[in-house]
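Taking the form predicted alone, here's one chain by itself in structure tokens.
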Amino acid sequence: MKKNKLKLKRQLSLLPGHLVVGIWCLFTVIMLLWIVAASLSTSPEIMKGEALKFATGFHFENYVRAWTTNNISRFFMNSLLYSVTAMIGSVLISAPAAYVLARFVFKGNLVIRSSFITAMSIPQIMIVLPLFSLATRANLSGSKIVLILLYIGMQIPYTTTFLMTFFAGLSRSYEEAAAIDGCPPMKTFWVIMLPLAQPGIVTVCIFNFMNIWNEYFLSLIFASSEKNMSVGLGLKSVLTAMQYSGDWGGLFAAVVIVFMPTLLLFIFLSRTIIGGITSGGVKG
């Protein structure tokens, strides 16, 4: 009886938090449904507040117009290029570094760890001018390459710190068994330890993809032409153009196209994300 009362008391103490989260989720779902409905409506219906009525049917041509006329296809492919290449590049650099920092004791280990954490806390606006100066001197300004390199560099501190925690949680018996069989440390990492860290790698790849996909500031500074713009900056240019054309249905269709990749990642890979995070917190 006393146990049931304590359980009920605990559930009641969590009720305000559940209500806040529930209201936030409900508001988010309603907004998403309205945006999707507006993307399938005409501009007059949107201006009259009748997007949810679909009085004239579903206008899928809004998506075709957004993809072609508004150059969303170019912005989409640019962001896909930036996100995928930076995601892979950051993991290829960070995974070996995280493994060494997590599994080996050497002078400077703590300093390097602290440096990564410090780098995560530095605002982008504080280093954007030196980076722009370096890119200009290297004749990389105004190209896709400079954005790819910047995105890789920006993700390395977080990726390394995340994977350090994950590698530290793996049992050392795998490395001991590999050493007995005569496997060198580098081969042990690539053949044994890296596959074991797959949940953490997949999780950090998802986070990196979403961070780069939604990035706006660096693209604003370094994407000097429309051909290099990411979806965030491209959507802003579409919004500016809509003020003159009045194609609000095409604008909301563009918004749906832009947020669809990250939404699908959350829907289909949410268990992977949670599993990767919780696995990284368990010491083996």
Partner chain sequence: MKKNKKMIICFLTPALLFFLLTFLYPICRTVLMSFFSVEAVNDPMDLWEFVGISNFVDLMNTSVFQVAMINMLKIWLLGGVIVLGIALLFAAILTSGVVGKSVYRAIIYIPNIINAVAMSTMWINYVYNKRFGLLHTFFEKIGAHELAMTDYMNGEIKFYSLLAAFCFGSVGYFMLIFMSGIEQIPQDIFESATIDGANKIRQFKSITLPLLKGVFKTCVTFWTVSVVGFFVWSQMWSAPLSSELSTITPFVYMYNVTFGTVGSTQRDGGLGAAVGVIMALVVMLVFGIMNKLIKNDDLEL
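C-alpha atoms forming the largest set that superposes within 1.5 Å between two forms make up the rigid core. Positions refer to the first chain, counted from 1. Values in this document were obtained by computation on a predicted structure and should not be read as measured data.
Below, we refer to the form predicted in complex with the partner chain, which is not included among the displayed structures.
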Exercise for the section: Would you point out which of 197 to 205, 80 to 88, 67 to 75, 181 to 189 contains residues with a non-hydrogen atom within 4.5 Å of the partner chain in the predicted complex? Expected result: 181 to 189
Problem - Partner proximity in the predicted complex: residue 165 to the partner chain, non-hydrogen atom cutoff 4.5 Å - result: no
Practice task
With heavy atoms only and a cut-off of 4.5 Å, decide whether residue 154 touches the partner chain in the predicted complex.
Solution key: yes
Exercise for the section: May I ask you to state whether residue 143 is within 4.5 Å of the partner chain in the predicted complex, using heavy atom distances? Expected result: no
Problem - Close approach of residue 170 to the partner chain in the predicted complex, 4.5 Å, heavy atom - result: no
Practice task
May I ask you to list the residues of 188 to 217 that have any heavy atom within 4.5 angstroms of the partner chain in the predicted complex, in sequence order?
Solution key: 189, 190, 210, 213, 214, 216, 217
Practice task
Indicate whether residue 52 shows a C-alpha shift of 2 Å or more between this form and the one not shown, with the rigid core used for the fit.
Solution key: no
Exercise for the section: Look at residue 64 and decide if its Cα position differs by 2 Å or more between this form and the one not shown after superposing on the rigid core. Expected result: no
Practice task
Using a superposition on the rigid core, decide whether the Cα position of residue 33 changes by 2 angstroms or more between this form and the one not shown.
Solution key: no
